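Next comes just one chain, in structure tokens: the form predicted on its own.
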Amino acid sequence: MKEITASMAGTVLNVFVSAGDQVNAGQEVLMLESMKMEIPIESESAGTIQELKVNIGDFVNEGDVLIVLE
């Protein structure tokens, strides 16, 4: 099981994937907003989305788990 974590604190602006989706390494999976900047979060490895841990509008801290991959 692999996890995609937040690279910095911010608000989840958009989620580009759903549970069951296949993702590739380097694919943008969601967008954070921090200090009025948009920060894309990419998957570090290929896999299938097992679980989304966040929703649009959620505030996350650096290191929080955003998505779990199989």
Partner chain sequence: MRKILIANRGEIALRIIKTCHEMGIETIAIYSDADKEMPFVKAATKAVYVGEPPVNKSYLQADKILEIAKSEKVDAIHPGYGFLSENAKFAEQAIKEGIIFIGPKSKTIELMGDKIVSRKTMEKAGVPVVPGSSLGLKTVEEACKLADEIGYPIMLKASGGGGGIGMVMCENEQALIRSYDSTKSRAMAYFGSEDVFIEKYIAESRHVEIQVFGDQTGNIVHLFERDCSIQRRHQKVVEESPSPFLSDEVRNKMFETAVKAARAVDYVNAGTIEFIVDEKENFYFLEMNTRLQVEHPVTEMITGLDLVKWQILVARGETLPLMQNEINSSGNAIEFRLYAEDPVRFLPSPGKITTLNWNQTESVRIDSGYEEGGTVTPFYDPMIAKCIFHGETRHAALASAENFFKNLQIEGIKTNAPLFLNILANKDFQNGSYTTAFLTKKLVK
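Please read all numbers here as calculations on a predicted model, not as lab measurements. Numbering follows the first chain given and starts at 1.
One more form of this protein should be noted, the form predicted in complex with the partner chain, which is absent from this view; the next part is about it.
Student: Just checking whether residue 9 would be counted as a contact of the partner chain in the model of the complex - the rule being heavy atoms within 4.5 angstroms.
Tutor: Contact with the partner chain, yes.
Student: Even though the partner isn't displayed, in the model of the complex is residue 43 close enough to the partner chain, meaning a heavy atom within 4.5 Å?
Tutor: Close contact is absent here: in the model of the complex, residue 43 is far from the partner chain, nothing within 4.5 Å, heavy atoms only.
Student: Using heavy atoms and a 4.5 Å limit, would one call residue 13 a contact residue for the partner chain in the model of the complex?
Tutor: Output for residue 13 is yes: heavy atoms within 4.5 Å of the partner chain.
Student: Within 43-61, which residues come within 4.5 Å of the partner chain in the model of the complex, counting heavy atoms only?
Tutor: The stretch 43-61, when checked against the partner chain in the model of the complex, contributes only 59 at the 4.5 Å heavy-atom cut-off.
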